[in-house]
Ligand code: HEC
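Presented below, as structure tokens, is a lone chain in the form predicted alone.
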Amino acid sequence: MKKVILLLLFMLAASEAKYLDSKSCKECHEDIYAEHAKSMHHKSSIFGDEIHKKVKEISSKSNYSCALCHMPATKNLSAMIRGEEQPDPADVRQSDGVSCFYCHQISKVHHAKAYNINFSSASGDEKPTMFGNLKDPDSSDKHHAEHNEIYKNSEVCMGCHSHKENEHGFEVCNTKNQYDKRSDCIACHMPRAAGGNEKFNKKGRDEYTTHNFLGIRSDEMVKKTVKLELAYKNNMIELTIANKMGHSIITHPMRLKFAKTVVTRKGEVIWSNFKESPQEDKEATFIIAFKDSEGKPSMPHTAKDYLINQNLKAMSAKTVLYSVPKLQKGDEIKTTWISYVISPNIAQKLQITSEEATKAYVGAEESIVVQ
């Protein structure tokens, strides 16, 4: 399998074209460039993502297998994966992360057991062909433009965001659609906004697909992920958590997501579903942790199995019941959905300090008053 993958990578490198860095796109696509520059696609490499850098340092000092998706535009991709060469911050192909040029050069996706691989249309021409979803795309003095169906049905996203097995054959992350094969990653993570996709809007388009790549680092997106419902009867709080997404609640092994439920009386908390850690309430907490061959907690690259697998599948729901002391009329029951990019415990161990990575993202809230 490894030989096949390395052969595919060699084929990709052999079809190398002139590279247009993301900043060069700003000339015509000013708004889209501004969005992309702030996104995790642009900050995907070890030079832009503190978490990814720390994990790379722990998992391997030499080879960089994650470069396939985190630094895919580099010319020496296969050499970095084998550990023969190291990332270079002065190389714009690497510091660009998942660049505009890279994403819009993908012609098809090769599906494999361990992970998928994107195939590029790069040909070495002075004017490369850039793919997208527009039926009537604009070409320019920098590139040709063509419609490609994989950009319509989000197939293009599955080149990197489908699944990943470590060298032990254990799947450490999975964002594959579990609900409906026609569901659209792009519609959720790249919503449409008013305006044209070009600075000069030559064809007068009145809306475009945004390139913020909204995800767990967006309060707006976190508020859309689940629906909460509360009921109180017979001294029991009934909380229903419904996953509204086309994939599981947890797709990345470092995430922490949970529902915090409290009861307040005259402004003071008289009951809570946990005291210190949300994992005290395993039914309302969603987290994944791995173990190695000896059953000890492990990082993804050494994982052989799950240590903890508290998850909720796509478009499914679960109900949690809490037995509480008899409540009084006027008591308020409130549940809040909270997400962490990286579990605070893991962040502390890895010495992650950036606010964007460590802050709590507050999502949906639901409350009822006892009658």
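Start at 1 and count along the sequence shown; that's the residue number. All values derive from a computational prediction rather than experimental measurement.
Beyond what is shown, the protein has a form predicted together with the named molecule; the following relates to that form.
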{"item": "Partner contact for D141 in the model of the complex: the named molecule, 4.5 angstroms, heavy atom", "value": "yes"}
{"item": "Proximity of E207 to the named molecule in the model of the complex, heavy atoms at 4.5 Å", "value": "yes"}
{"item": "The named molecule contact at Q279 in the model of the complex, heavy atom, 4.5 Å", "value": "no"}
{"item": "Distance check, T358 to the named molecule in the model of the complex, heavy atom within 4.5 Å", "value": "no"}
{"item": "Segment assignment from 290-298, 268-276, 83-91, 217-225: heavy atom within 4.5 Å of the named molecule in the model of the complex", "value": "217-225"}
{"item": "Position in contact with the named molecule when the complex is considered in the model of the complex, options S99, S120, T74, T261, heavy atoms within 4.5 Å", "value": "S99"}
{"item": "Heavy atom within 4.5 Å of the named molecule in the model of the complex - residue from L312, V320, I308, C66", "value": "C66"}
{"item": "Partner contacts in the model of the complex for 244-275 (non-hydrogen atom within 4.5 angstroms of the named molecule)", "value": "K244, M245, G246, H247, T251, H252, M254, R255, K257"}
